[in-house]
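Below, in structure tokens: the form predicted on its own, a single chain.
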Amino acid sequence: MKSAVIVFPGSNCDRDIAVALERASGVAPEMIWHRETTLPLLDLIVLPGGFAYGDYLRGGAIAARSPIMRAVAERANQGVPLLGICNGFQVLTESSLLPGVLMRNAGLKYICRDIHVRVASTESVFTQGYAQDQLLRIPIAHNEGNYRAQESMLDRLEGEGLVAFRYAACDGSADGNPNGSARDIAGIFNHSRTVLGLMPHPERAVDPAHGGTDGVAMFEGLVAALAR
């Protein structure tokens, strides 16, 4: 599987996702600086977490206009799988590659802790390694994770099965939303399910020494689907 991680000024999870991808595939991803304008042939592109450009203006707002994003958007529109984690999810919405916006957490505070999410759809290369409704424990670390969209768009996301993950409590109930996201949404797909944006960090849940391995199935599933 040939993958690449896009690195912006202020990215701080680029190495984490690189380690997770190499651990799953045996091949280190290419690290692409944001000022590049072209991409090699790839099976997967990742926009990592962090604070691109210091979250100046809005999280992901400036990164979305980096030179490399034109090539990223072109590949995504051609069907190359694109994963945006945390700040990467913000970049995806700011780039209009995913609908909606990520706003300040409901409590107006930065949150950094393990939370639980439920797998809402397994019908994608990103989630095929999980079971429907499987409960996962994965870290979050964000200040702007409150997903918002027009009610009509939220209805469409739900009606078309484009909600990937929902926040849940540790007992699996719905009372586990840490940031106020509409309808407990923690991650969404584009219409073809080839682009995924999510706020939790699966790349931080791939080693027992880090407290859990619930992110492993995402990366092993990607390898199984995309390896050549």
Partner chain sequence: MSDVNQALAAEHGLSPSEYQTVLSIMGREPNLTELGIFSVMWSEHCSYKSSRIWLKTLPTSGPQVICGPGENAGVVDIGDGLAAVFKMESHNHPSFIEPYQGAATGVGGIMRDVFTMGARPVANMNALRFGDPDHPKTRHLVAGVVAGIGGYGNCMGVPTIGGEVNFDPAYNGNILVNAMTVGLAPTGKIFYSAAAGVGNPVVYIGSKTGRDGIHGATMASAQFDDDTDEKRPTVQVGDPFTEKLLLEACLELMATDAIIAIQDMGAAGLTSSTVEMADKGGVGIELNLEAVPTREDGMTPYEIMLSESQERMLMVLKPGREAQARAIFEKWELDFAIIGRVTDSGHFVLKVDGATVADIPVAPLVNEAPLYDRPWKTAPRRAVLPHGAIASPDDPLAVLADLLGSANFCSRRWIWEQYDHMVMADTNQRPGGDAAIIRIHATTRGLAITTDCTPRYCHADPETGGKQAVAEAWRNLCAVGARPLALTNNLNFGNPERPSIMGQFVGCVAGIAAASSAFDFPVVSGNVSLYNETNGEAILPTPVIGGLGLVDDLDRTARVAFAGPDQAIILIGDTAGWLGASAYLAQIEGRDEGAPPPVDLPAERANGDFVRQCINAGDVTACHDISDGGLIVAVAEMAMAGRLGARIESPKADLPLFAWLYGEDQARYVLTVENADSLLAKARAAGVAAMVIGRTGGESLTVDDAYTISVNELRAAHESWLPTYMAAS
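Treat the numbers as computed from the prediction; the structure is a model and nothing was measured. Positions refer to the first chain, counted from 1.
Although not depicted, the form predicted together with the partner chain is the subject of the following passage.
Q: At the 4.5 Å heavy atom threshold, is Ala149 in contact with the partner chain in the predicted bound form?
A: Taking the distances in the predicted bound form, the answer for Ala149 is no, it never comes within 4.5 Å of the partner chain.
Q: Heavy atoms within 4.5 Å of the partner chain in the predicted bound form: does Asp207 have any?
A: Asp207 belongs to the contact set for the partner chain.
Q: Classify Asn12 as contacting or not contacting the partner chain in the predicted bound form by the rule of any non-hydrogen atom within 4.5 angstroms, answering yes or no.
A: Contact with the partner chain, yes.
Q: Any chance Leu97 has a heavy atom within 4.5 Å of the partner chain in the predicted bound form?
A: Leu97 lies outside the contact set for the partner chain.
Q: Give a yes or no on whether every one of Trp33, Ile111 and Ala141 sits within 4.5 angstroms of the partner chain in the predicted bound form by heavy atom.
A: Yes, all three are in contact.
Q: The partner chain isn't shown here, but in the predicted bound form, which of 151 to 159, 116 to 124, 71 to 79, 102 to 110 has heavy atoms within 4.5 Å of it?
A: Contact criterion met by 102 to 110 only.
Q: From first to last in sequence, which residues of 53 to 74 have any non-hydrogen atom within 4.5 angstroms of the partner chain in the predicted bound form?
A: Sequence-ordered list: Tyr53, Gly54, Tyr56.
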